[in-house]
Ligand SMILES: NC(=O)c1ccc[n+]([C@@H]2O[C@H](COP(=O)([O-])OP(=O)(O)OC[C@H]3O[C@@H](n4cnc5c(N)ncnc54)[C@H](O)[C@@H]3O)[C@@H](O)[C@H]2O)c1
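Okay, so here's just one chain, in C-alpha cells, the form predicted alone.
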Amino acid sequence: MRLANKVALITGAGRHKGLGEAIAQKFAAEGATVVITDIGKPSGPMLSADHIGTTDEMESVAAGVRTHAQAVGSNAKVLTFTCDVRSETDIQRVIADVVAQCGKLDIVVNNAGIGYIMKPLTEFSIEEWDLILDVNLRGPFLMTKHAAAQMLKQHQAGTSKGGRIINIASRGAKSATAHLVAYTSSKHGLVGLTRVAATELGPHGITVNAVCPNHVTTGLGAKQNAHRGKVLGTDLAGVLAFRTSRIPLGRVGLAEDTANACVFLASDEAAYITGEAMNVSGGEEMH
C-alpha cells in the first residue's frame, strides 16, 4: 500500500484497455483514492464516441477498478468526474470538487492525449494540429497550473509535504515518427513543460516527471497499428513483428509497464526524482 491515504487524479482514464485504466488499477491497489476523469461525451467530428471516454464507459472502468482493488485487499475509493482538459473552467471545477469530497489532492497524472490522427505533414489541417496540441499540451499545462496551486496551498498549510505530478509523454517525446507531426511535437513540448514545472515547484516538495512509453496496443495503439500496417503494406502480425524487432527486450509494451512506473514516481521511493523523462520502452529508447 505505497499510496495509502493519497488522493490521485488521472485524466483521460475513462476507456477500457487504456493506459489510464491500468494506472487507476495500480494506484487503487496501492491504497490511493482514485479520481478518474474523461471528457464524457463527443465533442465535434474529431472527438467522436469512438475516440473518447463516455460517461457510461468511465463508470464501467471505475467499477472494474473497485473490483480489482477489493480483490487485492484494498478498500480504495474510486470517483469519476467529467473533464475536458482543454477547458480551464472544467479543470478548476474538478479540482475544487475533488478537494471538497476528499479533502486534498496529492497526485496528478496527465494521461489524456490524442494520437490517432496520422497523416503526412503536408496533409495535416490546422484544426487537427490545434486539437492535438490543445489536448496533449494545453491540457497538462492547465492541470499542472491548478493542481500545483492546490498542492502549494496544502504545503503552506502544513497538511502536506508536497505532491506528485506525472505526465504521460511517449517515446515520441524523444524520437520522431513519420505521420505524427502534431503528436510528436506535443510530446516533445510536454517534456519541456515537465522540466520547467519541476524547476519551479521543487522547492515546495512537488516533483514533476514524465513517463515515456513506447507502443502499447491500447485502443489508440490499435489505430496506430492499423495505420502503420497500411504504410508498411502488411497485416497486424507484420506490424507487431516490426515493432518487436526494434526492442531489445523482445516484446511491445504493456499498459501495466507504464502503470508500474507511475506508481513508483508517485510513491515516497521517488521523493528525490524530479524533472525526469523516464523511458519505459524495453530498451527501444535509451536517451
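Numbers for residues come from their place in the sequence shown, where the first is 1. These figures come from a predicted structure and were not determined experimentally.
Omitted from view is the form predicted in complex with the named molecule, to which the following refers.
Participant: Please name which of the stretches 234 to 242, 63 to 71, 27 to 35, 45 to 53 has residues with heavy atoms lying within 4.5 Å of the named molecule in the predicted bound form.
Facilitator: Comparing against the named molecule in the predicted bound form, the contact stretch is 45 to 53.
Participant: Using a 4.5 angstroms cut-off on non-hydrogen atoms, would Val108 count as touching the named molecule in the predicted bound form?
Facilitator: No, no contact at 4.5 Å.
Participant: Contact with the named molecule in the predicted bound form for Ile39, defined as at least one heavy atom pair within 4.5 Å: yes or no?
Facilitator: Output for Ile39 is yes: heavy atoms within 4.5 Å of the named molecule.
Participant: Please check if Lys104 has a heavy atom lying within 4.5 Å of any heavy atom of the named molecule in the predicted bound form.
Facilitator: No, Lys104 is distant from the partner.
Participant: Is Leu19 close enough to the named molecule in the predicted bound form to count, meaning some heavy atom within 4.5 Å?
Facilitator: Output for Leu19 is yes: heavy atoms within 4.5 Å of the named molecule.
Participant: Select from the listed residues Cys83, Ile206, Val78, Ala182 the one whose heavy atoms reach within 4.5 Å of the named molecule in the predicted bound form.
Facilitator: In short, Cys83.
Participant: Quick check on this chain: which one of Val98, Ala112, Met143, Leu201 has a heavy atom within 4.5 Å of the named molecule in the predicted bound form?
Facilitator: Checked against the cut-off, the match is Ala112.
Participant: Of 155 to 174, which residues get within 4.5 Å of the named molecule in the predicted bound form if you count heavy atoms?
Facilitator: Contacts from 155 to 174: Ile168, Ala169, Ser170.
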